[in-house]
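Coming up is one lone chain in structure tokens, specifically the form predicted on its own.
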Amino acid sequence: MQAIVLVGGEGTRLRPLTATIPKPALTLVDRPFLAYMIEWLAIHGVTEVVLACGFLPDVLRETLGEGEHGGVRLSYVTEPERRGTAGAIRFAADALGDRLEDRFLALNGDVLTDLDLTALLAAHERWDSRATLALYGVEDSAAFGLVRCDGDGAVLEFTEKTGEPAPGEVNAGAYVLARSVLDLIPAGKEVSIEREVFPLLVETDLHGLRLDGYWMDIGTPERYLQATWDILEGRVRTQVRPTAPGLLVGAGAEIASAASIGPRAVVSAGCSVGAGAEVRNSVLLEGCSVGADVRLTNSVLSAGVTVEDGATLSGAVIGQDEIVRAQS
């Protein structure tokens, strides 16, 4: 089974964490964020993933490596200019050429999830559909567009974001597509699959299946932190093995005996935490140095950050290699 994963975005809502690294390569708990998606796809029979890149593609390639990741064959394509969601799928599919299978998965690469793709694939076959969407139920749809289906799963209507906090089913950003769907996407142009392609298939060749499980877009610092605790506390199925529920201390991290860590915290590999420091509900990415008597809560430190003795941070997001000094 093949999958095309769209990873071209700049992750602007996560800056400064993503100022020098694309969001899919950003460490989440103990591995690059995109590794979770690759591991999830492998569970559901995917053996080949094509990453449709845009922002800092070389960094993403260096982070995930060439060849294979977790038994899944990886390849990379980089759009020469913005192509939109459908255009990026068409560009990646064209790169596969004759090797592209008659059906394949297409996914947005910015979601942490454990939804049952095997059930989605089975429904696609049962309906003999050209496109089948994974749907996810939410209580507050104000930030999403809703998808309305009939009793047999045929999509009847897309409703754009209304700002109303009503419950409903939203597009989860995972699709099973027949190869023939590519005929609806002009080559070399910016095309949206949500706004320009799927509406052409409504009521005839487009179905949606509601899937239960975990689903979160980690696109803001608040969601990044929540996803971290959800992983470490077992609310989403992953291969992460926490040091304790809500806590991860990486290899080579040095924590002074008088420091206080957690109960929710990530102290990544190569970090140091000084005597008397308190780290609560916070993430320290690789190689951070937190001095003595620091107070750190609800914050994220990018790789290589130094927090000097006595500094206090609450709700902060600090960019790579920055130095935080105590207020005089």
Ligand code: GDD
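Computed from a predicted model, the values in this text were never measured in an experiment. We number the residues from 1 along the sequence you see.
Keep in mind the form predicted in complex with the ligand is missing from the figure; the text below concerns it.
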Does every residue of 246, 280 and 300 put a non-hydrogen atom within 4.5 angstroms of the ligand in the predicted complex?
-> no
Counting only non-hydrogen atoms, the one stretch of 201 to 209, 171 to 179, 68 to 76, 119 to 127 within 4.5 angstroms of the ligand in the predicted complex is 171 to 179
From 29, 35, 259, 53: within 4.5 Å of the ligand in the predicted complex by heavy atoms is 53
Students should find that, of 137, 145, 242, 153, the residue having a non-hydrogen atom no more than 4.5 angstroms from the ligand in the predicted complex is 145
#### Entry: the ligand contact in the predicted complex: residue 194, any heavy atom under 4.5 Å
yes
Checklist entry - So in the predicted complex, does residue 109 come within 4.5 Å of the ligand, heavy atom to heavy atom? => result yes
### Query
According to a 4.5 angstroms non-hydrogen atom cut-off, is residue 221 in contact with the ligand in the predicted complex?
no
**Asked** Heavy atoms within 4.5 Å of the ligand in the predicted complex: does residue 103 have any?
**Response** no
Looking in the predicted complex, the residues of 191 to 219 with a heavy atom no more than 4.5 Å from the ligand, listed in order, are 194, 215, 217
